[in-house]
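So this first bit is one chain, no partners, the form predicted on its own, shown in structure tokens.
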């Protein structure tokens, strides 16, 4: 690794860290202030979480939409799909059990 590529990579990591820290602080500030309605704060949290996932993909995992990285992106998206199916199925089963237990 040359000095120039090392500096470029360090700059990208610093930018990614600043964006991730900002996208963490914004929802925390919205909830801590208590001035924003509950449903709006939920949307702010969800949007910041989605943006933060994109920041992590781009700046830390180095996954973008270029032709070379498409296989990596497909692998990550498939993993997310499997996790969503497992989490959704777990929530569905637990909700069903809860409904059967409560009279």
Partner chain sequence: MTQDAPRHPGLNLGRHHPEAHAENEKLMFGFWVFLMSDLILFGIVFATYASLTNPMGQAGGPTPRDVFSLTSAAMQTAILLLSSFTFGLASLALKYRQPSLRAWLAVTLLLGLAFLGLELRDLVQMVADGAVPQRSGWLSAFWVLVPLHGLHVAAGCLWLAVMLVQVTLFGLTTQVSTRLARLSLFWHFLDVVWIGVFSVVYLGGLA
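What you see is a predicted model, and the numbers here were worked out from it, not measured in a lab. Each form is matched to the other, and the largest set of C-alpha atoms that superpose within 1.5 Å is called the rigid core. Residue numbers count along the first chain shown, from 1.
A second form of this protein, the form predicted in complex with the partner chain, is not displayed here; the remarks below concern that form.
Chemist: Give a yes/no on whether residue 35 approaches the partner chain to within 4.5 Å in the predicted bound form, heavy atoms considered.
Modeler: Close contact is absent here: in the predicted bound form, residue 35 is far from the partner chain, nothing within 4.5 Å, heavy atoms only.
Chemist: What residues of 9 to 37, in sequence order, lie within 4.5 Å of the partner chain in the predicted bound form by heavy atom?
Modeler: Sequence-ordered list: 9, 10, 13, 14, 17, 20, 21, 24, 27, 28, 31, 32.
Chemist: Any chance the CA of residue 17 moves 2 angstroms or more between the shown form and the other one, core superposed?
Modeler: Moves: no, less than 2 Å.
Chemist: When the two forms are laid on each other by their rigid core, does residue 78 show a Cα shift of 2 Å or more between the shown form and the other one?
Modeler: The answer is yes; the displacement is at least 2 Å.
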